[in-house]
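As structure tokens, one chain now follows by itself in the form predicted alone.
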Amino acid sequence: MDCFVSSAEGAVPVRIVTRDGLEAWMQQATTAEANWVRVHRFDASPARHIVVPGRDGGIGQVLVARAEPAGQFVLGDLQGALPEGTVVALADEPEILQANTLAIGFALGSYRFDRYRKNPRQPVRMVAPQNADMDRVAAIAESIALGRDLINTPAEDMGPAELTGAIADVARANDAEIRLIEGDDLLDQNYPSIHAVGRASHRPPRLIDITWGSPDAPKVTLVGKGVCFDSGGLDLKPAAGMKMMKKDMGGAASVTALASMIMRTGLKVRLRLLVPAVENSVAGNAFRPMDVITTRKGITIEIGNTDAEGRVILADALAEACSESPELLIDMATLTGAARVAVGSEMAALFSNDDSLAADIARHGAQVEDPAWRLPLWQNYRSMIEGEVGEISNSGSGPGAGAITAALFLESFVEKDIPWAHLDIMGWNNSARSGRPKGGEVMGVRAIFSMLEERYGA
């Protein structure tokens, strides 16, 4: 990670303070320093910071306010608060857990997507905290940066081939097994719904299948929606709705980041990662409204709207995921606008057939500031997705409960005895927040990873 250095020589001290701690600091500060803080009305309110000048006119130190206890993103704003190339160091060495938390938050705030910029800004760097487990910090921060990069990359440079290539790179780096099915081979190997959605693009649809870990370990399977660009198909999206559809593979990016964390930290699981990667395009062979697709599981899908394609490709992937009866099955997808209406853009909408699993994800999400809010799999709404010709429709019959009916659709392809969680995510930060720059975001990943660490720690 290029946002950390090992030498503290010349580093600007960063002191994390509460309101009580600020009073103690003021008593030992110089008159000039104390006056500077008073003039700028810095009162150590959480999420605020102040740059205190030194005697030479440069930066003397930085005070960063925190709540009690300190959150994940206390240092997440330093990258934009200080001149480029500045090196900082924590004035007080935190305990191990806190050191890890602060280092991860700083790293996440240091992320920049500069692939298409000629002169990127030089990062602010921090001296690695002595008590931090920097291997773990790197595993988490670099995995999240990878996921963000995948989402931020324009669809021209991130099609099904490039997405599967990036996932394969992660697999090879961790000695995982790779299986790839492409184009018409999807039909030959009975993945018809993935093929149907992706067949109209000149970039063939794909399914990438990664396995890692001891075959005797508990099986954890991840599935991610990999729609690299969504035009809406023949039910074409309007321009405003199409603009951000490079992020429609945010579920795939998120489970890739999560898989990377799992493998790099050596969790004791048998991991499987399934990502159907397609582009939903318009051509003479595009799937049409009211077509009926027979899925891998044998359930027939009536296409009510070609713009509800994500759940169609996930149907085959979830059916395959269940073939091994994993101990845990998690899918992530930028699936519905209805989820954003329900919970907004800063948290994931969580659905699960297992109360314990849902509670654990929500609990860990709160702990690591990566929230997921549970919505119900309300079975009374299942009638809203009954097809007229096919057995199940990919679009609800009414205007309400869109996130729920989408989750119920997916549940149809999950075996009832397999603990399953579905996260409907935004995959994007609409505006910058501490530690979360504007742009692509792998939401819910840190929550699930924290939960998996508790269950399957190395």
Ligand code: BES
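Just so you know, these numbers come straight off a predicted model, no measurement behind them. All residue numbers refer to positions in the sequence shown, first residue = 1.
Below, we refer to the form predicted in complex with the ligand, which is not included among the displayed structures.
The partner is not drawn, yet in the predicted complex one stretch among 101-109, 285-293, 308-316, 179-187 has residues with heavy atoms inside 4.5 Å of the ligand: 308-316. The ligand in the predicted complex comes within 4.5 Å of a heavy atom belonging to D230. By the criterion of a heavy atom within 4.5 Å, T336 is counted among the residues contacting the ligand in the predicted complex. In the predicted complex, no heavy atom of R125 sits within 4.5 Å of the ligand.
In the predicted complex, at least one heavy atom of S395 sits within 4.5 Å of a heavy atom of the ligand.
Exactly one listed residue, out of D370, D248, E320, E279, brings a non-hydrogen atom to within 4.5 Å of the ligand in the predicted complex: D248. In terms of contact with the ligand in the predicted complex, the residue from K297, R382, R203, K237 that brings a heavy atom within 4.5 Å is K237.
Heavy atoms closer than or equal to 4.5 Å to the ligand in the predicted complex belong, across 1-20, to no residue whatsoever.
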